[in-house]
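Okay, so here's just one chain, in structure tokens, the form predicted on its own.
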Amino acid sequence: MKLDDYLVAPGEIARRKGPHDRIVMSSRVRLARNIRDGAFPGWAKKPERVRILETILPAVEALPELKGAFSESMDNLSTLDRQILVERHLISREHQARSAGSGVVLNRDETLSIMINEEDHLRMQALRPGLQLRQAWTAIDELDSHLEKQLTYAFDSNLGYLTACPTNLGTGIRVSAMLHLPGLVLAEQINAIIQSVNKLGLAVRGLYGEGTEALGNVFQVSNQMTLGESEATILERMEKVLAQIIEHEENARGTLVEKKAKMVYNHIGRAYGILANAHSISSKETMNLLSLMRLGVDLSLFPDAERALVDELFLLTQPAHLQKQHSDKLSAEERDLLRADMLRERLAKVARPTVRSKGTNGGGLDKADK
């Protein structure tokens, strides 16, 4: 079973729309579950992990929501394929390192992903574009209900669903959203926002989760605890906090354009200049500059460019996706050269940012970015 035959084209993913997708790039709801008669993956030896995989996989593959899905053991996936799944947020970095006794199942449109024998026997997640937490919850709840009829979960009447990590006890739910927050970063308000969110019992992480950088000004916000709270309570609190973050980001963008327009336009203009003209560029620099260009699209500085183009480049310029387009194994230096070639080609028809003049005191640029 070849992963290439199942993956959705990056351009198609980038064109998916959702509420508040200027700021909320995607919503995710994940459930952690374990079967009753098996050791947790971190404690289980290889034969036990293989047995559990062979128990769970047929039940998952038989779910109506996963008809025609991609299903494979992790030891049958190449290192490159695993990294591609990480870059698409379909598996975790921890699952990427798993081998025999672990597996992954993906539905056709990459909106449902099931990791088998990651930290728990089952890590099931639903993904949606924009702010669609409740839609993601409905999808994964239905899948979980169907699966629970086939498998006997580890459950305690007092503690709820039993999980490898105590923070997932109870409902086992992790609700998260991926947010693009360049306004708060440029306004130097992001640290205060993170501290406020943490005080509300939520976690703020980087692009690929715990322990990773917020590349491209992208942050993941999620609940930290699941014990003692219902799914509805967790969802409601997340929605309220996300609504406040969205408002703060919109206000930060508006204030920056009003009071520090030249600074904002300078950042965006320089980002476009490097992306459209560089001959060697790293993945990290590309992500950070594309973030500024995405902000420029949202501020209507690139009238002939759509946000989908930037979002597609976010994905295509990452190391594994870039490598996938070339048959020969590439060094980091070779990827930097090819990444720059791709960016110059894809941005060749995008005119430099244009801003209407606001007069001598308005802080705006002239009609062409001078």
Partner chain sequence: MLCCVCKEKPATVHLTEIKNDKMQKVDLCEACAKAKGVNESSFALADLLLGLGASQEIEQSSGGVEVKCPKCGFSHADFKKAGRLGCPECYATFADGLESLLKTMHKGTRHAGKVPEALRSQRDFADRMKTLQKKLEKAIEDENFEQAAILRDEMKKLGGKLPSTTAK
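No experiment lies behind these values; they were computed from the predicted model shown. Residue numbers count along the first chain shown, from 1.
Just so you know, the form predicted together with its partner chain exists too; it's not on screen, but the next bit is about it.
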Taking its partner chain in the predicted bound form as the reference, which of Met342, Leu330, Val50, Ala39 has a non-hydrogen atom within 4.5 Å?
-> Ala39
Among the candidates Met178, Ile281, Val197, Leu169, the residue which, in the predicted bound form, approaches its partner chain to within 4.5 Å (heavy atoms) | Leu169
Contact label in the predicted bound form: Asp81 to its partner chain, heavy atom within 4.5 Å | no
Can any non-hydrogen atom of Thr163 be found within 4.5 angstroms of its partner chain in the predicted bound form?
-> yes
Answer for Arg237 alone: is it within 4.5 Å of its partner chain in the predicted bound form, judged on heavy atom distances?
-> yes
Contact flag, Glu110 vs its partner chain in the predicted bound form, heavy atom cut 4.5 Å | no
Per contact check vs its partner chain in the predicted bound form (non-hydrogen atom within 4.5 angstroms), the hit among 127-135, 170-178, 242-250, 261-269 is 170-178
Sequence-ordered list of residues in 291-326 near its partner chain in the predicted bound form, where near means a heavy atom within 4.5 Å | none
